[in-house]
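One chain follows as structure tokens, the form predicted alone.
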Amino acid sequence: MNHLLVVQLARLGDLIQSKRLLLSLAAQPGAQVHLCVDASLAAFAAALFPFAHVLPLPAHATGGATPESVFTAARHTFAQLQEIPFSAVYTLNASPLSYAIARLFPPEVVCGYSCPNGQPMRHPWLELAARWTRHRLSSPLNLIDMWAHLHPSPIAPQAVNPVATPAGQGRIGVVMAGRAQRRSLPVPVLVACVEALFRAYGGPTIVCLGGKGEVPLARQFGRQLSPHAQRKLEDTTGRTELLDLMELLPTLDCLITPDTGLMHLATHFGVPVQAFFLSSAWCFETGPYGLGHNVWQATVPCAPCLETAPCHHNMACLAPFSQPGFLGHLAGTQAQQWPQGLTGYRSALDDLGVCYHPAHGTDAGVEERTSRRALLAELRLHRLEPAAKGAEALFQEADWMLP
């Protein structure tokens, strides 16, 4: 038995975005994949990836957790990890707990974030990724593919998620908001976009999705809908757990969402996504994976911004989502002038992974992004791309030094 471990201690979205790497490991002959996750996501991870043996850790201890209970739980899982003869360990988080797990194993089997001799280090591939993410406008690779290419032979992108197909049950889902409010459409703007799609889909049931924190938003959303749409409203906010959503999402014709974990869960099931990306959300980094998804990306000059920095532009990235030209397009009516500062992308796949082709508006970073993607194809797929340029921005002289 070939025991392989993936340590993914981040939250919901990152767990789902580990899918291509996990499937690539599971495809190896005689492989037994183990997955170490935060304890709150253990049951969900086991349902999402039934081929994996899930090991829980208190990575995000909340509620009644005490230092003693956290230590006891972690010690038990650490002991389990040390008993298994792993041939490879993929640590995907630059966190103290992840580095502590890396120290349980010989440095030569750890791939990702390691800690040889107590010195935190990251794999050369992740070092390269850190360089390209400094120039986000031309980011060449989605996070799912970045993690997947830690594996020398990841599975084909087409094998990750099903082609997006409406369920045909006359239901559309609406995610009220993501974790960062600035990356989500305010209720009045969201209402206008949903009303447009409501008309385009012929008046389906509108299913509100979110946790307990989104209940007030859902009520406000419902009050602002037109009477016709109000009669088709189904509010599930605060009443569905993750395992419930695994049954609910596949019944939808589409999911309307900001950049959220539910967006990635929808793509896992092949649910078509209408994704609204603004502020610091950038589809080339964390957009929906697979064929058949639409991304409406704010491309004002200040985008994408830094999530932790204050906005000094009065949220200029919001304005295009309220423009008649955009709303008319969503509704399927005669298109007016397309608004500036907004690009409509359609998801696509190539040998490296997912990419996004502009269908509406302009893409200021397309030339540099295409060139960098060609460089990565040459590096990871050993495919020579004569048009590739800009290697000096990604590579340093130290990369060519012998160990």
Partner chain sequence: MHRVLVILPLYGGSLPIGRYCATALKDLGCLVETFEAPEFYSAFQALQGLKVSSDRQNFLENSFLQVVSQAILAKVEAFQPDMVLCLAQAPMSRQALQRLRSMKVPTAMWFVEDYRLFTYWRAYAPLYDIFAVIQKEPFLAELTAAGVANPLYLPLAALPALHAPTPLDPKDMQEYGAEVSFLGAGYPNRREAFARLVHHKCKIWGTEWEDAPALAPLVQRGGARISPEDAVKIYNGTHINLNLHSSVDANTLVSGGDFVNPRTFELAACGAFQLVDKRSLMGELFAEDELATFDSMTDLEEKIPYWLAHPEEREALCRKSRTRVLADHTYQQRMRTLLDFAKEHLPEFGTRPEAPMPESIPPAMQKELQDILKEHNLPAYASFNDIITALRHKEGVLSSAETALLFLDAWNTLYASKE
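Positions refer to the first chain, counted from 1. It should be emphasised that the depicted structure is a prediction, and the values quoted were computed from it without experimental measurement.
Same protein, other form: the form predicted in complex with its partner chain, not shown, and the subject of what follows.
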Ok, 181, 82, 158, 314: which has a heavy atom sitting within 4.5 Å of its partner chain in the model of the complex? 82
Of the options 291, 229, 196, 97, which one has a non-hydrogen atom that comes within 4.5 Å of its partner chain in the model of the complex? 97
Counting only non-hydrogen atoms, which stretch in 139 to 147, 263 to 271, 234 to 242, 117 to 125 is within 4.5 Å of its partner chain in the model of the complex? 117 to 125
Report whether the minimum heavy atom distance between residue 351 and its partner chain in the model of the complex is within 4.5 Å. no
Looking at the partner-bound form in the model of the complex, is residue 67 within 4.5 Å of its partner chain by any heavy atom? yes
May I ask you to state whether residue 131 is within 4.5 Å of its partner chain in the model of the complex, using heavy atom distances? no
Contact of residue 275 with its partner chain in the model of the complex (heavy atom, 4.5 Å): no
Going by heavy atoms, what in 85 to 107 lies within 4.5 angstroms of its partner chain in the model of the complex? 95, 96, 97, 100, 101, 103, 104, 105, 106
